[in-house]
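In the form predicted on its own, a lone chain appears below as structure tokens.
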Amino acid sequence: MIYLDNAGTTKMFEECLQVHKEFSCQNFYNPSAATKVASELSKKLSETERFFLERLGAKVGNVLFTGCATESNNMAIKGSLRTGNYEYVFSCGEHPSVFNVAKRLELDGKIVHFVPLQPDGRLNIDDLESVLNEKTRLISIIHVNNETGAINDLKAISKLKDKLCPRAVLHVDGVQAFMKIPFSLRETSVDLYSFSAHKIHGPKGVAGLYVKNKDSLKELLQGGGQQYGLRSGTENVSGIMQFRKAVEVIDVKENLQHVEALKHLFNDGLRQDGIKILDFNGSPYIECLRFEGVKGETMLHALEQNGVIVGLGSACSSKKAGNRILEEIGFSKDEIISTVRVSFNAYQSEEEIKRAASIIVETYKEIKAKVS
């Protein structure tokens, strides 16, 4: 089976299994306990937090370890809420774990602004500028869009924030960017940054939230006061250490070059009337394909039978009709229905990708011949 839905999840590195065994069956202690072995484990977690800060390119701040990116995003947004006449700003290209929280804030009577997208999938920077003011409390923008791969310019967004609302909190959903494209938080004004393990060949059930200033966030859970009192509960030590191992294995620049080459080969193999590549000039890890006259869902199931797995967009909303992101960009309903998402990983071979393209072309031709 050739797996091309890596934006949904990735196969875990074998190296993580040994780490899991070590920290689940041997060094399994509760890091909050008063024993010496627990204290040593707590030091490992502190050192691992510094490791992640370095990989994020952050000068200062902390990393909270959560159960998933949805929790990280919810913690960032809900933990930033304050009583008062504040305004909250989101792009229309956000993942459901951000967008649906924003819609709930709107229903609860908060002043919420949604910044539209351009045809290239990025947020419209001029429209963002028009809604920022001294009342802005939170700006939440996705780094790499999970549907299109479009990359938002964090430096440009940071400049607007510093100019128009320097006291606002800037949150970024970095799930599709972390360890996939080069960036450094120290070059931005980002206050909160979400990232996840299972998108980069780590385990499911663990994620992170970078926090520049702990005072900008309020606790959502009351408990034992772990993780600076902001995320109480016994830490998932095994998951955190596996997450670290996955990051240690990855070479961002080398992987990026390989994926760019894979995408080029893949697209070359898709030269067929009726197949349109929707390339948003963003992350090479993600692109969309449109099949003229054939539903995307039909292609998805037929391809699985033929040995290729693709996606219909975000796994968090794949069972819902339509695609909010593509609709926002300007695609018609018929165009959206005929679209699938393809997403690569850096450990796939050129032969595998060329084979996938060939299968997609042949599958499309077979289906098109039947429906014509």
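Start at 1 and count along the sequence shown; that's the residue number. Being a predicted model, the structure only gives us computed values, none of them experimental.
Just so it is clear, the following notes concern the form predicted together with a small molecule, a form of the same protein that is not shown.
Asker: Go through 251 to 259, 184 to 192, 139 to 147, 79 to 87 and give me the stretch that gets within 4.5 Å of the small molecule in the predicted complex, heavy atoms only.
Answerer: After filtering at 4.5 Å, what remains is 139 to 147.
Asker: With the small molecule left out of view, choose which of 48, 62, 70, 42 has a non-hydrogen atom within 4.5 angstroms of it in the predicted complex.
Answerer: Spelling it out, the residue with a heavy atom inside the cut-off is 70.
Asker: Can you pick the one in 227, 283, 196, 91 that has a heavy atom within 4.5 Å of the small molecule in the predicted complex?
Answerer: None of the others qualify; the residue that does is 196.
Asker: Using heavy atoms and a 4.5 Å limit, would one call residue 97 a contact residue for the small molecule in the predicted complex?
Answerer: Yes, contact at 4.5 Å.
Asker: So in the predicted complex, does any heavy atom of residue 7 sit within 4.5 Å of the small molecule?
Answerer: Residue 7 belongs to the contact set for the small molecule.
Asker: Can residue 242 be called a contact residue for the small molecule in the predicted complex at 4.5 Å between heavy atoms?
Answerer: It does not: once the small molecule is placed as it appears in the predicted complex, residue 242 has no heavy atom within 4.5 Å of it.
Asker: Against the small molecule in the predicted complex, would residue 175 count as a contact residue? Criterion: heavy atoms within 4.5 Å.
Answerer: Yes, residue 175 is a contact residue.
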